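Take a look at this single chain, the form predicted on its own, given in structure tokens.
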Amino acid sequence: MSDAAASPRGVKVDLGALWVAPPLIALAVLFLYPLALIAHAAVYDATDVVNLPAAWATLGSRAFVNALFNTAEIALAATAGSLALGLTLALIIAFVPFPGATFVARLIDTFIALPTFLATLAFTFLYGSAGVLNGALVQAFHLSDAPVHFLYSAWGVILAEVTVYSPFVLRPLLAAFSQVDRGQIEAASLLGARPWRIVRQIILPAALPAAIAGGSLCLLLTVNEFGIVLFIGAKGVITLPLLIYDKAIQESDYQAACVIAMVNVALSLGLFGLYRVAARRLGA
């Protein structure tokens, strides 16, 4: 019997496409199902009854508005600081020859592997009320109280996040700088161009996609940062992740926590889309 007679006419089974099923099932179990549970809890109350007024009340509350504002303010400031610091370090490491430049770059990279709260702990020893800086100032000027308190404010959170997330900007910038034509830089220098003009007209245009990719990644990470904000314990500085924690753990208001979590998820997915666009442009 021929193969054509052995199988129904017009029926084609592509068994090769079945490899997609296991990752889709894993994605549904590990991500989509928990996300669906959060979305369900955001709409339904503890008695499993739809309670949209409570959800709208959460979004209109002063606590949510303040947390959203704090999150945006801290994330934008920390991202701007990370871009400035990362760009400065990348320019020095890539274009200012000095012994140990490669070692310095790798040392800075190690911050990527460290937990974020370690930087905060180090800042506590340096700038805390009983830290090195305050101890030196109190002893030097015979003060009765520690004069430096910026660590326990939004500025302390921003400084810690800039320290932690600058390597996420530095790494793509160094990769972009390695592709810059050094002949153009030498030619511009021989023609009398000042260093800042060379940076502005030759180096920065080539590094713009890398800066966008690194900056968008920093923005995504700082929006979702929880450990630094919690560890510093800055008075009045409540971000969206910290508000979710407070609502769920401290107040046991799970519907409010899930409503805020859905907003945070939507914000994160939007920023992740921005990062992917920037990363594709960098790859191009």
Partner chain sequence: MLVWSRSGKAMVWSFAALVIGVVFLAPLAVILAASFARQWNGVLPSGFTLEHYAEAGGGASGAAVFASLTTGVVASLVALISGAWAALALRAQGGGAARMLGVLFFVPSAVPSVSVGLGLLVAFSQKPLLLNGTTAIVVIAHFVLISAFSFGNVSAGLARVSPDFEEVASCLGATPAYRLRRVTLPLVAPYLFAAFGLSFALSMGELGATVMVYPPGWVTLPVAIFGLTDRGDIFSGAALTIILVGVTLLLLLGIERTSAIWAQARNG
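Residue numbers count along the first chain shown, from 1. None of the values given here were measured: they were computed from a predicted structure.
The protein also exists as the form predicted in complex with its partner chain; that form is not presented, and the subsequent description refers to it.
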| query | finding |
| --- | --- |
| Options 142-150, 70-78, 123-131, 206-214; stretch whose heavy atom lies within 4.5 Å of its partner chain in the model of the complex | 123-131 |
| Contact assignment for its partner chain in the model of the complex, among 57, 63, 50, 30, heavy atom within 4.5 Å | 30 |
| Heavy atom within 4.5 Å of its partner chain in the model of the complex - the one residue of 174, 154, 83, 108 that qualifies | 108 |
| Partner proximity in the model of the complex: residue 44 to its partner chain, non-hydrogen atom cutoff 4.5 Å | no |
| Interface membership of residue 192, its partner chain in the model of the complex, 4.5 Å heavy atom rule | no |
| Interface membership of residue 184, its partner chain in the model of the complex, 4.5 Å heavy atom rule | no |
| Its partner chain contact at residue 201 in the model of the complex, heavy atom, 4.5 Å | no |
| Any residue of 225-239 that, in the model of the complex, places a heavy atom within 4.5 Å of its partner chain | 226, 227, 230, 231 |
